[in-house]
Ligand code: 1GP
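The chain below stands alone and is given as structure tokens, in the form predicted alone.
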Amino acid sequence: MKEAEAVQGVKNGIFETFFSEKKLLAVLIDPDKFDETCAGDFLRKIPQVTSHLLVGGSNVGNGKSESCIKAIKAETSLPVILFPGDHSQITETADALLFLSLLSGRNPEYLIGQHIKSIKKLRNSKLEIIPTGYILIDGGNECAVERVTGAKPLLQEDPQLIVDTALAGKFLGKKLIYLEAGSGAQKPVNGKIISEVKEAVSLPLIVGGGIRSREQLSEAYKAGADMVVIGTAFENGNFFI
């Protein structure tokens, strides 16, 4: 796969899975909300089709990411990908890192500032580092990402701006695009936006936020999502798959 081979620093092959024909499902685990003592019980309940585990949150206590991942890895062999809201959440206990740039915001701290702060940990890291364009989209309520970063989400009523933002991310060299409606979103990213972004960028596409049913999951896949991320629904025990 030429695209995958071109990625610098790929060590674990996680990025390559995005080029398979298989639709991927990731469960997002927020270390601050996760009971590590019940890791085994939780992981036994998640759908058998789960392909990856994402770990991270907008506000995570010091050391919580590392202890959370250790508890998870003691119970499963699924690949664990860091989805950090801050450089302090980076830990070598994971398998890969979504190196997120918040393209939809204008706060330089989340466009480049956090990335520079992370280099001390990443310079000699064994993590698979995946450059990811992160686009926050209005999910009908204020989410944690918006509160922490001060970034306003892009409106679903303006799909062209979302497409242009994603395409700018591609031209900047991002290898993945992540469309995020936010934790606990009232409405997920609609299928029209997903399909238009996918057609424009021709990159692996992650979609998350507000997905609580089989129908919404199926719609995201049909529209072009390569990976769907589900967090809040599973946190609340809604294992609908």
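Keep in mind that what you see is a predicted model, and the values were worked out from it rather than measured. When you see a residue number, it is the position in the sequence shown, counting from 1.
Keep in mind that the form predicted together with the ligand is missing from the display, and what follows is about it.
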So in the predicted complex, are Y110, G133 and G169 all sitting within 4.5 Å of the ligand, heavy atoms only? no
Partner contact check in the predicted complex: of 203-211, 44-52, 64-72, 190-198, the stretch with a heavy atom within 4.5 Å of the ligand is 203-211
Does M227 reach the ligand in the predicted complex, with heavy atoms at most 4.5 Å apart? no
Consider T17 of the chain shown here, and say whether it contacts the ligand in the predicted complex, taking contact as heavy atoms within 4.5 Å. no
Is G182 close enough to the ligand in the predicted complex to count, meaning some heavy atom within 4.5 Å? yes
Residue-level contact is defined here as any heavy atom of the residue lying within 4.5 Å of the ligand in the predicted complex; does L28 satisfy this criterion? yes
